[in-house]
Each structure stands twice: as structure tokens, then as C-alpha cells.
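First come two forms of one protein chain, each written alone as C-alpha cells, so that there is a structure 1 and a structure 2.
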Structure 1
């Protein structure tokens, strides 16, 4: 007879999201259908007095009481290219070289310097074609990330893409979104915003927009003559400068949402479907005037979602208030522990 313990005993999984502003780390254990939150933590790595990123990862792993030494990480930014392509139906073994050939057309770097991977999303029987999600990432960029982790005394299990991880966390939290519903998910960070469009449980569009909350520091410091550090403080707590900060935020959000609107338009044109709901996460969702900016630019207000909603946090020796305060920043790491 099969040992039941063996069946449910699975290795702990750790997600490590190395952002430009903060590192996020999350550990879960238990069977995939009822994962438990074991440890989590967030560490700010921006500012002049901070040490190396590796040291911060190491310190965070200790502070967050992470037990496993093996972590899942992700990459993003200009060295990562994601495309949805369609290919004529062909044998699996031919597909790989055909895709590599196809990829060369739009990868702005030498394909030999890239890791190329793909996933067949759907097989369109009627039109005799495959819809494929293609990813190319610069080897050098991946290696840099792995080195950071190894210098911190940890090892890398899986390398994912920020926006894919975020999307996985979302679909895990909303398994019943409905096949006829389209949701847009936005993760607004420090230097970039991950955008993904999900229909039912399938990812239909992804894109990173290089606009984030750090851009606001630049504007505030330009307008007020303050240092970047003071601008960061003022942004979080505007005190008597509320109106000035609100104006700067409005400008930033309108350029971000212009890009988002373009992507929505592209998706709507391609698919003939419209976006039903918008969900947001990321460290920057506390920006003043966010709701109104979305209403003005996209015609609807965004909803918040809890990236950790699918986890049982009851046994975690963590302060519920702390979890609540930082949970919005964990969309990427919550997706990483699912791999």
C-alpha cells in the first residue's frame, strides 16, 4: 500500500523577487492544493547607504526565517522579450528550429546570446496553426541574477519571468474568473509596471512598461530641488506638500496609463473582446489619486487583490498586520512559489 505521508510530503518552495527598490522573499510548504505560508519578508535595497544586493538577500533570508536554500527567481526588463506568435502546424521536433528561426526576426540581440523557450498555448485545428508563447532572455542577464543568489549562499531552482509569475499568482487566486471574462493585471513597481491580460485562465497578452514610482522621485526632486531620498520620503508622506505631490503623481500616472490604454486597444482589436476588470498590485499602489487617474484614463477603477490569498497563513509565526502591510508587493514572489 502506498504510504500516505509520502504522497503529501513535498519540498518547501521559495520565491525570491529581486526588484530595483525592494527584495521580496516568500516560503511555502505543504501539498500544492493546500499550501501554507512559512515565512516572508521584504527588504529595501535602494538608497546610498545600502550594501550589496547579495548581502541584502542573505540578510532577508535570515530575517524572514527562510528554511530552504533553493529559490525560484525571475527576470524582466529590456533583456527579456516575450511574443505571442502563430506557427503553421508541424511536428514537435521541427517546431523548435522553426521557432528559433522565427525568433531571430524580432530579437534585437544575437540569438546565440539568448536562452529561447516557448510554450504551445493552443492548437487551432481549423486554421491548422499553433499559437505559441515565445520567450527570449539574454544569458548574461540571467547569469547576473543567478550569481547574486549564489553569492548570498543560496541556489537557483527555476528562473521565471516577472509578468508570468504575477499572472500565475493571479489565476491561482481567481480560478473561477470565468472563461468569458477578461481581466487586466497591473503590478506597479519602482522602475517598471508589469501588465498582463488574462481571459479565463489563459494569459492573452503581456508587456512591461518602463514606468514606475521611482520616476516620481525624479519629478518631485526636479520641481522642489530636494534630494532623491527626500523626494522618496515626501512621496510616501506628502505632509503640507499634498497638492504638489498630487500634481506630479497625476502626470506620472497619465503617462503610464497612456501606455496601458494602448495595450488594451491592441488586445481589444486583436481579440474582439474588451477588458472587464482591472486588478492592481505592487509597492506603488498607494499613490495618491490612483483611482481617479484610472477612472479618467480607462473608464473604470481598479480593484485590489491579495497575491497571498491562496495561502494558509494560520501557522506562520508572522504578525498579521505586517503581512497585511506588505502583501501587495508579493504578486511576483507568490507566483514564483507555484513553480
Structure 2
């Protein structure tokens, strides 16, 4: 969506997802119809400083044996604004000129401090309007991300948005979803949850909810007296403490699902369409009681999907068990390599 630097294309493509606590990297090659997985890896960030993040990126690229020095990255958070707007139909060159003026009505930042981009989603013949996806991101935020990558000895090809990348990966994995079916996709990251609603292959709603899997770890840690690392392990494999984990995370999960329910309601009121299916990915999908919580709050159990399902991993020199263990955390990276 947001092409910041367009350099000579390489045969291989790399998606680099720089999270709050961990970095995910994915490399593919081959024909677009059946790309091959070349390398992948996940690494916890060694510290909060910019130097630590860059060092972690460099170390992960080496450990995962990433061959391309050019990567696609993404941004999210309060410095990124996504809006769905309508504008009168006009010539493409006129639309490009008008969009920046129109954007000032929807963006709570100084427009001169932002990178603004847009995509025409549909044409409303009856109303003679364009339905447009408008995106703005603070230049400073984007520059910080690019600097981190360049300090790690890599270069940036494309800057995207986390939710867009996640949605790209989803629609690639589910090309036959059906034009009349509406799906909600949630990627539960460390500090936030990316939420996207698609109808067929068209994006219809995007939002980030500021609750993530690390919040669940904090709750488990406080309730159990365990370290954050032990809380993470207990969250995924509670053994004989399943009920205790379900009880202590219930309130936080309810808060997350209340926000999701509000988003569903907004979309349904605006579109007149209901959510047919829910799909989730991310590091928290192993949480005990997660699907039951969705059923109770939303009346539907979610499907857990594999972001790497569209890739041919047969030639990758990777342990299949390792891939299976970490694959759910690669929704953003998988979407980035498709750009």
C-alpha cells in the first residue's frame, strides 16, 4: 500500500515484522502461483533501545540464513490512521490531487507530517462515487522503522500496514472464500490485536485494539506469582492449571472481545451485512478457553488458520516441528512477502 522506497527487485522476497517484543522474518522465492519457503525465524528483542532492535534484526537475518538484503516492512499503532471514505467520481489524476485535501478532514495530524496514500476499492455507479481506502502514517514513525532496518545492514523495499499485510496473507490462503461471504480476521500480537473484515477479497473494515498476548502474560504472572517467561509457557501449556488460567484471563479476554463486538456492530450497521466467519492467528491462539470465550461473546467459534499455508515448504532446510510451533505468529510477515 505505502511504497516508500522502490529499488531493484530481487528474485527472493523478505517480510520483516518488527514487533514490540519479537521479530519475525520470512523469505520466499519461486513463481508467484506457488512460492517456496526459503528461510524463516523468530527472535525475541534483546532490549528496548534502537541499537538492541537493530542488533536483533541483524542476528535473526544471520540465524535464519536470509539471502536477500532487501526487505518489506510494516507499521501500525497510533501513528497510523486508516479510513474508509467516499468521493465523487473523477479522473485518476484529479483524484490524486483531491485526496490530500480530503484527507485533512479525517486525519488528526498535520498533513505535512504524514505520508498519505489511498486505494480505490469499488465504484458506486448509483451514487456516482468512489469508495476509497485512505491511509496516513507519520513520516517520523516510518523513518524510525527504516533506520532500524538500515542499521541492521538491510534495505527497505516497501512499507505496508500490519493489518493490510495480515489481510493479504489471509486472502492468499483463502482465494475461494466467496464474494458474498464476510470474514473477520484477528491477529493477536504482543501488545495489540489487528482486526480486519473482508467481504470476498475486498477489505471493508480495519482496526487495531490495544490488547495483546503480553497483557495476558502480565495477568497470569500477577495471579500466579510466576515470571513473565514462565507465564508465557503456562499460557500455552497449562497442564493441570487449565481452570486457573481460564479464570485469571477471563476479564481481559472479555475486554478484548467487547471491543471486537463493537467493531462487528459498527460494520454490520454500516454495511447491512453480518459476519459469517471468524479467523484468528497470533501467539495467543494456544490460550486455553479462547474459542469458548469467542463463542460466549460473539456466538461463533473462531477458526485457527495457518498464514504459511500457501507456501511450498518442502525444500526449506527447516525443522517441520519448528515451523509448526511458530507459524501462527507469521500472519504479517506472510503478507509482506506477497508485496
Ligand SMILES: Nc1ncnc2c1ncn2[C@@H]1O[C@H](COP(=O)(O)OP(=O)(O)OP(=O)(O)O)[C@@H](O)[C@H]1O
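Numbering follows the first chain given and starts at 1. Between two forms, the rigid core is defined as the largest C-alpha subset superposing within 1.5 Å. None of these values were measured; they are calculated from a predicted model.
The first of the two structures is the form predicted in complex with this ligand. Once both forms are fitted on their rigid core, the CA atom of residue 201 lies less than 2 Å apart between structures 1 and 2.
Superposed on the core, the two forms barely differ at residue 160: its CA moves less than 2 Å between structures 1 and 2. Of the two rigid parts of this chain, the smaller turns against the larger by 15 degrees between structures 1 and 2, per C-alpha superposition. For residue 239, the displacement of the CA atom between structures 1 and 2, after superposition on the rigid core, amounts to 6.6 Å. In this core superposition, residue 248 moves its Cα by 2.8 Å between structures 1 and 2.
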